[in-house]
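Next comes just one chain, in structure tokens: the form predicted on its own.
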Amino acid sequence: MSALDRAFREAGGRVVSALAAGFRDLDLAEEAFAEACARAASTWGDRPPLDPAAWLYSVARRVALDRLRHKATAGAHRPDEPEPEPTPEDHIMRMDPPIPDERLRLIFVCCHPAIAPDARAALTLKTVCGLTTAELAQAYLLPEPTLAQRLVRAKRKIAEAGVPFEVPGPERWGERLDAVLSTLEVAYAQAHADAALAGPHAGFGREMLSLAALLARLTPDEPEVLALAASLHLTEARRGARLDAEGAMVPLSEQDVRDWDAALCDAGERLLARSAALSRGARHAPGPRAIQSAIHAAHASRRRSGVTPWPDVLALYDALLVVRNDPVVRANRAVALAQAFCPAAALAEIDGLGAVGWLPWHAARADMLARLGRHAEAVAEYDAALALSPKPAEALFLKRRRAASVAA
């Protein structure tokens, strides 16, 4: 991986967030960062700067300032005062200022109630986390042009409504909190989708875990915030068990619990207990993230009991469907049904989704067919899943299962 690729992946979201917060213009921030990357590609060669991310930030700021100076509306912008040009001595002593981390501020900006609810999280993920429009469309199971139009309208609304680039007071967090949590969920899922941590968004796992933990400290009386933090702790705790010695993905139910991070598991269970206590105290039903965290906790209980309580997991998915009825939940419920009781009934539910072209659907359907002894059909479904270009660890797992069906 080149130095530019590494800086783009690891610091791109932070650079764009800092630029957007300073210049109060999302389009300008993205355009300036893109120009900085283009200049880096043409000038770095085999000798990148000592701090590639800082170089990109510095150049992008100068690009943004130059563009503002050439606009008739430059006086309407109030960016932070630029740092003075560093002297040669500054370069020698490596005293360049660090890139400010403005991601939490920009997350709240993009989740402003003036933005359409169906675009808030997507805009945040595009701007703050650097996800491509294609990746977002896949995550939301939407056509790419539809998602792109939502992003354009959302950015236009921020500009037209004069949305302030600031974190509102806690008393106004409620109107934005759900979109903020959705952002953290989807961003974390992008990292978790690659068991080998080899993809461009591998760093999101720990970053979103940290942001969720921070939000839990800032809003200690919000059950859904605590529940999301619990889910991310419990999920991240399993990171070390997700690959076998040959680099293949290991399904959750087959992971060696001795490889789970006990401290993260314990922290997740404590957060879930606090979330549940708050819901009981307020006498309202648990929200979707509380139910999801309970599902993770049910899986985590295997480290003590030695078995996964599949009937309990299935019951929790039934409860989740009441408050979050979407294809992902329905597919996961079908997997739990296959494990708990009846692969045939689970296959009927999966077939009812008809999500052709969605990799998890093909993989789940292949597994159910194999369980039912319909191995030729299972092989065809494994081929369909492999044709969708899974990550290397996931591809190796699917190839093994396919080979087992061929041999059966």
Partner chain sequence: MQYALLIHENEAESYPAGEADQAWLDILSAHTAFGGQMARAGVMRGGAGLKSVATATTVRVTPEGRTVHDGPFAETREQLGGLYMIEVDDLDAAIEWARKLPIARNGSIEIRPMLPAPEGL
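Residue numbers count along the first chain shown, from 1. Think of the rigid core as the biggest set of C-alphas that the two forms share within 1.5 Å after superposition. Since the model is a prediction, treat every value here as computed from it, not as a measurement.
If you look for the form predicted in complex with the partner chain, you will not find it shown, but the lines that follow are about it.
In the predicted bound form, the partner chain sits beyond 4.5 Å of every heavy atom of Val250.
Arg242 falls outside the set of residues with a heavy atom inside 4.5 Å of the partner chain in the predicted bound form. Mapping the unseen interface onto this chain, Gly281 falls outside it, with no heavy atom inside 4.5 Å of the partner chain in the predicted bound form. Using a 4.5 angstroms limit between non-hydrogen atoms, Pro145 is distant from the partner chain in the predicted bound form. Judged by heavy atoms within 4.5 Å of the partner chain in the predicted bound form, the contact stretch among the candidates 258-266, 153-161, 134-142, 224-232 is 153-161. Taking Arg238, Arg333, Arg176, His299 one by one, only a single residue has any non-hydrogen atom within 4.5 Å of the partner chain in the predicted bound form, and it is Arg176.
Of the residues given (Leu218, Ala273, Val322, Ala114), Ala114 alone sits with a heavy atom within 4.5 Å of the partner chain in the predicted bound form.
Here Pro113 counts as shifted, since its C-alpha moves by at least 2 Å between this form and the one not shown after the core is aligned. With a cut-off of 2 Å and the rigid core superposed, Val167 has a Cα displacement that reaches or exceeds the cut-off between this form and the one not shown.
Pairwise change in the predicted bound form: Thr219 and Arg24 C-alpha atoms lie closer than in the shown form, at least 3 Å.
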